[in-house]
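So this first bit is one chain, no partners, the form predicted on its own, shown in structure tokens.
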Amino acid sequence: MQFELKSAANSQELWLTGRFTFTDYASFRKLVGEVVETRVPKIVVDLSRVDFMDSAALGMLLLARDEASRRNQSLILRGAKGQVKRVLEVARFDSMFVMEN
């Protein structure tokens, strides 16, 4: 998994590329910690370049959402497609996150 962080007006965008799996836990957790410290009102996790996601990645997204929520920040998932979109739909993430195309 590769991560790229982009700053935008009133938000931070976290762009993920490749496979998002359990092996990414430490680096993703560290990056989320850095992003929530910025105290921007909106955090966008762009999944448009992720081609595979496992159940551990789902858990990491939930942890990130909870961390952002504790600081009154919103966490939005954007651009999921293919297998990633199907995994999010089966897990009913549309009821737990704001999802953008």
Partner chain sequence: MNDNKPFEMESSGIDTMSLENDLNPRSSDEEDRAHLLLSRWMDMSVVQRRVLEALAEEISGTSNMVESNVVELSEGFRELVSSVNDQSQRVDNIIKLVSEVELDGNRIPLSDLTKLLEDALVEVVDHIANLSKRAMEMVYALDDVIVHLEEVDNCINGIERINSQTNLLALNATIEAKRAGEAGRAFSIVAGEVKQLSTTTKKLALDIRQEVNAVAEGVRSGHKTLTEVATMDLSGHILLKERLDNMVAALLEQNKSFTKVLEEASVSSRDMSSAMGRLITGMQFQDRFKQRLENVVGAMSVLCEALEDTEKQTYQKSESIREKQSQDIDPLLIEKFLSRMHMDEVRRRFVEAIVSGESPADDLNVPKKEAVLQHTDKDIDDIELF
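Residue numbers count along the first chain shown, from 1. Quick caveat: nothing in here was measured; it's all calculated off a predicted structure.
One more form of this protein exists, namely the form predicted in complex with the partner chain; it is left out here, but the text below deals with it.
Peer 1: In the predicted bound form, does each residue in the set Tyr25, Arg29 and Ala91 place a non-hydrogen atom within 4.5 angstroms of the partner chain?
Peer 2: Spot residues vs the partner chain: full contact, yes.
Peer 1: At the 4.5 Å heavy atom threshold, is Ser48 in contact with the partner chain in the predicted bound form?
Peer 2: Looking in the predicted bound form, residue contacts with the partner chain do not include Ser48, since no heavy atom lies within 4.5 Å.
Peer 1: Give a yes or no for Val36: in the predicted bound form, does one of its heavy atoms lie within 4.5 Å of a heavy atom belonging to the partner chain?
Peer 2: Val36: no contact with the partner chain in the predicted bound form.
Peer 1: My question is simply whether Lys81 lines the interface with the partner chain in the predicted bound form - judged by any non-hydrogen atom within 4.5 Å.
Peer 2: No, Lys81 sits far enough from the partner chain in the predicted bound form that none of its heavy atoms falls within 4.5 Å.
Peer 1: May I ask you to state whether Pro41 is within 4.5 Å of the partner chain in the predicted bound form, using heavy atom distances?
Peer 2: The answer is no: Pro41 has no heavy atom within 4.5 Å of the partner chain.
Peer 1: Counting only heavy atoms, which residues in 64-81 are within 4.5 Å of the partner chain in the predicted bound form?
Peer 2: Just Asp66.
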